[in-house]
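Take a look at this single chain, the form predicted on its own, given in structure tokens.
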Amino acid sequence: MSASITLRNRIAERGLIHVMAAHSPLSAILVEEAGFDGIWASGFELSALHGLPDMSFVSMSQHLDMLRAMAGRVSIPIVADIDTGYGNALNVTHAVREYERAGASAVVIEDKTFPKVTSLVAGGRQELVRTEEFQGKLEAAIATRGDPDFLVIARTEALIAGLGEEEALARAAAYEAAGADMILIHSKRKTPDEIESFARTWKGAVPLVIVPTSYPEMNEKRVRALNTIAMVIYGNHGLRAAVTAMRDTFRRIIADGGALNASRDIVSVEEIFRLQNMEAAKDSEKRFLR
């Protein structure tokens, strides 16, 4: 069974799935061990890993390298964040072909102009392409995918751009008409009111996806009550947790003049060996090195 079929089946069986962002094979392993339904191959997290703003500075090749490495170490589906599709509709055909080949089960394409600016930054440039142009991108993605179960998810930034619910709904309907399998509706409001209003008003046949970064009180109970949302993506919590932990540990070591106290509160080297699958490597050494 392909990972794309697995992703579709999980949505159909559970009604709502939870997808956590990762930016490396190690973080992807931790996502799978925690019990999430899927992995969000995050462009934001990868940009941060390189110390760069999420403004289309990280290339498709860099993102694909990360995705391939993750796909080689986990068994759960990967939803790839491909931003605007790296250009126009022809770029989208190339991207979808490559992401499917690399091991993604789905791609999310957003209706911003290229190059983009990350959605949640204050005062960021949020420009959207024409609805018809984005429909062409979606149609290109759908025509290109080799596996009919590979999901093409259309992300509208109409609320992020301040264009209002009516525009967001109109774009979402147009994207569904172009063949999108799901609609990701994004918001930077500090409460979920805007998203809940959209979800209650949405009359389309395809389900919604949300990313509750700025409105974290949007829990599973509230999501299920809306009956239109099938996927929740936690877009950057792993990265933020890692920065929190590293910053605290580094400062403690400097303050203490040594690592003794900090070492008591972090995982052992042996745990890292386990995550690296070191025992299997040792077994292979015994079997094959002569």
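Since the structure is predicted, the reported quantities are computational estimates derived from the model, not experimental observations. All residue numbers are counted from 1 along the displayed sequence.
From this point on, the text means the form predicted together with a small molecule, which you will not see here.
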{"query": "The small molecule: the contacting residue among Ile109, Ile195, Ala140, Val211 in the predicted bound form [heavy atom, 4.5 Å]", "finding": "Val211"}
{"query": "Interface segment, criterion being heavy atoms within 4.5 Å of the small molecule in the predicted bound form, picked from 113 to 121, 146 to 154, 174 to 182, 200 to 208", "finding": "113 to 121"}
{"query": "4.5 Å heavy atom contact, Gly238 and the small molecule in the predicted bound form", "finding": "no"}
{"query": "Exercise: Gly38 in contact with the small molecule in the predicted bound form, heavy atom 4.5 Å", "finding": "no"}
